[in-house]
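Heads up, the chain below is alone and in the form predicted alone; it's given as structure tokens.
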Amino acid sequence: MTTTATVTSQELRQAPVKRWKVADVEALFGQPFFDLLFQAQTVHRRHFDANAIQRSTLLSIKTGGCSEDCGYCSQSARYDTGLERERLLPLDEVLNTARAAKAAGASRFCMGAAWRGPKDKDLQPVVDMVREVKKLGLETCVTLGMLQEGQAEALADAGLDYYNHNIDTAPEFYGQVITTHTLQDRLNTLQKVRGAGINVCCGGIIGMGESRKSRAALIAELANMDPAPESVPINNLVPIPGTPMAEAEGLDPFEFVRTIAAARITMPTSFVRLSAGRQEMSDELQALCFLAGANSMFYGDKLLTTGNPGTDRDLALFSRLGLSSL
């Protein structure tokens, strides 16, 4: 059995890339549910240990005050969500949280800052965080917004493993979610990240009122990147009071599982991560997601500003399902 430990980014770049049409991904969604899960689980077992889950912890190192207008986000300065703007956390506080995350079983430590993009004076403290967290023996990931020239290289020099920059939604639905940047702006930053030799963490959010075709288009957009992102977080919208999407109708849970399965089939060597919205999921729904090919999760009681299941609940679920940690 092949694992991602034996598949390098260079090998992925050299491998032929299947171009997924939106209609092809829609056809995956349209399969009978159990046929889709069987296909996804078959693909999953070709590339991963089906009973092992990678755990990441996400810390907000700079909260609130973002100038963007992302319609789902509690941290936008444009919306009254009751969130207080905070300064960048000091290094020692970040390291204390990272140590606790490692002790609890996380293997990757992710740091997020609510910026449209970092100024050079903002970046140096983050570079120091990356360097010091790496010394703890953790993989590192940051999400800082859109990068300027030279910033990806500075992060790479510090040893950054992953840069998270979600494309959020399908191209045709983008303007209904965000107007202060374009999808191409996002892709430009991802190109800088790739050029600096940093692994890409890129996914999206579903349950924002998009159609199934738009969900298929999101998956196709991700799968057609060359190479596909090494990590693909799939977020289930958590409606935040005060945001334009506060009243969004909840997504059918089986549709969420179908999205996970489509991501696994179209991106067979990527880690597919259960991200926002997991606190609202039952253990049974999470188990279906793992069966559909999810093999990564955000771990810890908070995701930036929203809740997440406690570590005790997750450890109990791992025990009940016979799962191990990567």
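A residue's number is simply how far along the shown sequence it sits, counting from 1. Because the structure is predicted, anything quoted here is derived from the model rather than measured.
Here the subject shifts to the form predicted in complex with S-adenosylmethionine (SAM), a form of this protein not shown in this document.
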Q.
If we define contact as a non-hydrogen atom of the residue within 4.5 angstroms of the partner, is Thr97 a contact of S-adenosylmethionine (SAM) in the predicted bound form?
A. no
Q) Applying a 4.5 Å heavy atom distance criterion, does Asn199 contact S-adenosylmethionine (SAM) in the predicted bound form? A) no
**Q.** 4.5 Å heavy atom contact, Arg186 and S-adenosylmethionine (SAM) in the predicted bound form
**A.** yes
Q) Is Gly145 a contact residue for S-adenosylmethionine (SAM) in the predicted bound form, using a 4.5 Å heavy atom cut-off? A) yes
Q: Name the stretch, out of 161 to 169, 218 to 226, 147 to 155, 247 to 255, where some heavy atom lies within 4.5 Å of S-adenosylmethionine (SAM) in the predicted bound form.
A: 161 to 169
Q: Would you mind picking the one in Ala101, Ile205, Met129, Val193 that has a heavy atom within 4.5 Å of S-adenosylmethionine (SAM) in the predicted bound form?
A: Ile205
Q | S-adenosylmethionine (SAM): the contacting residue among Ile240, Leu123, Leu138, Leu89 in the predicted bound form [heavy atom, 4.5 Å] | A | Ile240
**Q.** Within 48 to 81, the residues that have a heavy atom no more than 4.5 Å from S-adenosylmethionine (SAM) in the predicted bound form
**A.** Tyr72, Cys73, Gln75
